[in-house]
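A single chain, nothing else alongside it, follows as structure tokens in the form predicted on its own.
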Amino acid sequence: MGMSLGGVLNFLVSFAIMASIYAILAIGLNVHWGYTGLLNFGIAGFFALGAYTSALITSPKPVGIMANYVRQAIGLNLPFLLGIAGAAIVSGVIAGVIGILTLRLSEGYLAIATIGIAESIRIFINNESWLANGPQGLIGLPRPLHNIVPRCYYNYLYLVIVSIFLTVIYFAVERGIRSPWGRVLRAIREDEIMVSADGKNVFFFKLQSLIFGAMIMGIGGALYAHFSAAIQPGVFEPLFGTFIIWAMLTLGGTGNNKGAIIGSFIVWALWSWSTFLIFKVVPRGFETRAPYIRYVLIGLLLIFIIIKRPKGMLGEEAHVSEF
């Protein structure tokens, strides 16, 4: 009974860590889409940039016999927080370049650009083995503060670390959105021509929003890398890195950070727990196809929410000036 209870607790802690990481990514998307109306379909690209940047900054470069099997262009062996900072900066810089090229165009161009950049990043990492070991990826990534607790209890500590990042990011975004800066973003989403006529630099505000949201996504990617301790390009495909995050935000409520967090936990619960249930009900001989049923479940949930509650579970807050 003790082992069974311990296994359940470990599963729940791992679930909470991943759901919290996705909540960070969903908040980043909320800055883009929920508050500014920027159509970002390339979340997976910033997710990957954050993960690989932090991995390369914090892990040592392979030496000796390991250098024959693991190719890694950079291995700075720097502290965890510097890896997080590097992930945010690199994601922000790439977002800035994308924004400068596309934000003066119509919304569709940003969507196309972000999709293309996300896939280009994944394919580049996958094909250029010299950078981060190609399709084999990086393993043995350092875990912060791993020496202060026994290995079997480390996930409890990492849940605290991720929760701190989620809390800080939540309050930082809430503070920003409820400030004059945030009210300009919401006005741009509603009618950017009117905002421009009021003397605001619409392009500059949209660029700030794109960079800020991308930096949050980069932090989420870095936290994922250090939790999994191993990353591969295949992890950052559009389904796992973009579509599921849109489902989380849509379910919880666009323009509501609490909704983004709640939606992340609900969708990740459906994603991670449905496989166990599906294996119990599928006919014998269909076990290999069972994991794909959850793709359908996520899609049906998204369609149901769009039809029944287009504003999500919580919906957008009416008064954003109050904090």
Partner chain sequence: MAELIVYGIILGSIIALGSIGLTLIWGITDLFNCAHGDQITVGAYTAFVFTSLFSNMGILQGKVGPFSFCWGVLLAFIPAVIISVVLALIIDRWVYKPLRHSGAHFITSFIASIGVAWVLRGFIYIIWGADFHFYSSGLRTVAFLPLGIKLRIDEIFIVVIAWMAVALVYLFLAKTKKGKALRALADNPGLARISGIDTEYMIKWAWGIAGTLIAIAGILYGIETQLRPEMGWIFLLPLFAAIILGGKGSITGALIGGLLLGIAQQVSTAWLLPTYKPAIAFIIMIAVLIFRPKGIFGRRHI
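Please read all numbers here as calculations on a predicted model, not as lab measurements. Positions refer to the first chain, counted from 1.
One more form of this protein, predicted in complex with the partner chain, exists but is not displayed; see below.
Heavy atoms of every residue among Ser120, Pro238 and Ile293 are located within 4.5 Å of the partner chain in the predicted bound form. The stretch among 48 to 56, 35 to 43, 258 to 266, 63 to 71 whose residues place heavy atoms within 4.5 Å of the partner chain in the predicted bound form is 35 to 43. Proximity to the partner chain in the predicted bound form, taken as a non-hydrogen atom within 4.5 angstroms, holds for one residue of Gly108, Gly96, Gly134, Gly234, which is Gly108. Interface residue among Ala113, Leu159, Leu78, Val195 relative to the partner chain in the predicted bound form, by the heavy atom within 4.5 Å criterion: Ala113. Within 4.5 Å of any heavy atom of the partner chain in the predicted bound form lies no heavy atom of Ser179.
Contact check for Phe124: a non-hydrogen atom falls within 4.5 Å of the partner chain in the predicted bound form. The partner chain in the predicted bound form comes within 4.5 Å of no heavy atom belonging to Leu9.
Taking the partner from the other structure, the partner chain in the predicted bound form has a heavy atom within 4.5 Å of a heavy atom of Gly299. Contacts of stretch 214 to 252 with the partner chain in the predicted bound form, defined by any heavy atom lying within 4.5 Å, are made by Pro238, Leu239, Phe243, Ile244, Trp246, Ala247, Thr250, listed in sequence order.
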